[in-house]
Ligand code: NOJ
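As structure tokens, one chain now follows by itself in the form predicted on its own.
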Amino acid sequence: MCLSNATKRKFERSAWVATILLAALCAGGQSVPAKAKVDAKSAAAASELDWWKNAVIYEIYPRSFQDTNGDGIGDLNGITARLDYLKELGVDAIWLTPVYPSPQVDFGYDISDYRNIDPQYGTLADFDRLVAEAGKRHIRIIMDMVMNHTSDQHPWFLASRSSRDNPYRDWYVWRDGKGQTATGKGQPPNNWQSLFGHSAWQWDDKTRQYYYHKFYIQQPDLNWRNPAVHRAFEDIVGFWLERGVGGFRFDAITTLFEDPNLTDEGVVLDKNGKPVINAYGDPQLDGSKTDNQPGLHQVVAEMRATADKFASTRFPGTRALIGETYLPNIGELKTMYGTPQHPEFELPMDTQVAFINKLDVAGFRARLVDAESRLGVNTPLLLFDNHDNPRIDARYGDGLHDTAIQRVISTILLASRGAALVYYGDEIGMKTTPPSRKADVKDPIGITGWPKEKGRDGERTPMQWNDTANAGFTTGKPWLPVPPNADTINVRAEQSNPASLLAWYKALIQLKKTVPAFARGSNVMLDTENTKVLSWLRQAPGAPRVVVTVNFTAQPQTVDLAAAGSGIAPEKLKTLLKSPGAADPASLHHIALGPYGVYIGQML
């Protein structure tokens, strides 16, 4: 007899092979042979191990997603309350920016306790409930793991700065100043700078040394040359794995180590040989002594080994590790996957594609080819947005065709091979809304760098759920103002509009999950001399091929994807998705695209 609906649901989101097998066996009321049951079960198990390879990961900035207690700050219960929305969207995992106890100088990235939840966001019981409820919807929770630094209020650092001979002294990076005397502090040990402005060295009067901080003064860097630090974080990672998390995103991971000789970094010069000055008024440095230093890969491999222990014990499936990997080229990115003997990240972020920051067909084509051809068997993780950068509209929009341009960007993100990272609110077209006055800035880097650097408040505004007060985010005063466009750009308005950006995201994600060429196929670029339209083919053995073509201009364009020399026969097409109002093409020879138009079709 055919499998029951309850049993079928167990295979939801399993490998597409298992889905097709079960459907075929159920047709006509056939019984399921024992071998078929085993095959389907094996495919489902394999899918659990490889869930991240075609995953849609949704980043949530918890302060800004949903408030349930009226204090104006989003919380864990708010995320739990919105899980059905995320399931409907098609999300496989949620990446939470830090929710640990923190003084909130850097809104959670200054951690004072790695084994608890900040009361602003809830309790450990609330967290456990979120993990459980998300699991019922086949959604994993990914924690942010900040290992480069702690808060200056963390017990480790309080002990470290208490005296030079404290056992925790060597957990952080302490040095004498240049020219330091018995009564004078001298100068900082070298020219290294904080990414958030000015010297990366802070003088401590009590113990009369400088400590190093790559980020804020209140975020002292840990000393990863100390084996005790390694052991501490292996235990912390294990603590959250025991609570059932689906993995971690490792923050600022390439900054763990610094040059032990404290050599000055090079100053970046302009074309006239003069120092480039950054938004904080400092000479821009090249990062050569404080980023991507020896020792990094050993640490990542250790964390991967810790996570892999849980893949076959208490919880099913892989615990995926994501790296915040701002690296200069695809070769450096490839090293972050590790080797078969010493694997590292499953998904280091491909920021090569993410931050081109202009609609340049040749640039996108080259970097997508890199992701396809130069990472070997590894899976790319594509993204275009996060909590540290202006949203898509500010980097790619023109103010007139923003929604159409967001369809273009989302298509590149979700119709290319690999996993995809979506930032909350991008699916409805939320816009960057920075403060207009310094007095309104909450982000310390905006306070330090104003007006050249306005900070990151503009991309962290509350999620726009509906057109009621505060966009349905809170009944209190929101921690950041709700943008005025929430009256029209909100989830409720777009849920009822089949031509909305939200409907587009849902359709794209559905294709990513259900079309075999998308779920497991390769990318092959088409029409490669075209400078106005980006086109590619998705193909997988034994599956119908799919073409994707996107117009990067405000003028209508027409493409011939079966032109002489393309290697593609002029087959007919079945439309899978197209821009609103576009016509179906008769064949690959003539696909008409409107301004910033998109077409996705399956070859027949």
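All values reported here derive from a predicted model rather than from experimental measurement. Numbering starts at 1 and follows the sequence shown.
Not pictured, yet referred to below: the form predicted together with 1-deoxynojirimycin.
The contact with 1-deoxynojirimycin in the predicted complex, taken as any heavy atom within 4.5 Å, belongs to D106 out of D106, E258, E346, D92. Out of the listed residues D176, D286, D440, D388, D388 is the one that sits within 4.5 Å of 1-deoxynojirimycin in the predicted complex by at least one heavy atom.
Within 4.5 Å of some heavy atom of 1-deoxynojirimycin in the predicted complex lies at least one heavy atom of A252. Mapping the unseen interface onto this chain, Y100 falls outside it, with no heavy atom inside 4.5 Å of 1-deoxynojirimycin in the predicted complex. Contact annotation for Q219: at least one heavy atom lies within 4.5 Å of 1-deoxynojirimycin in the predicted complex. At the 4.5 Å threshold, heavy atoms of F215 reach 1-deoxynojirimycin in the predicted complex.
With 1-deoxynojirimycin omitted here, the record of contacts in the predicted complex names 454 to 462 of 454 to 462, 330 to 338, 432 to 440, 357 to 365, defined by a heavy atom within 4.5 Å.
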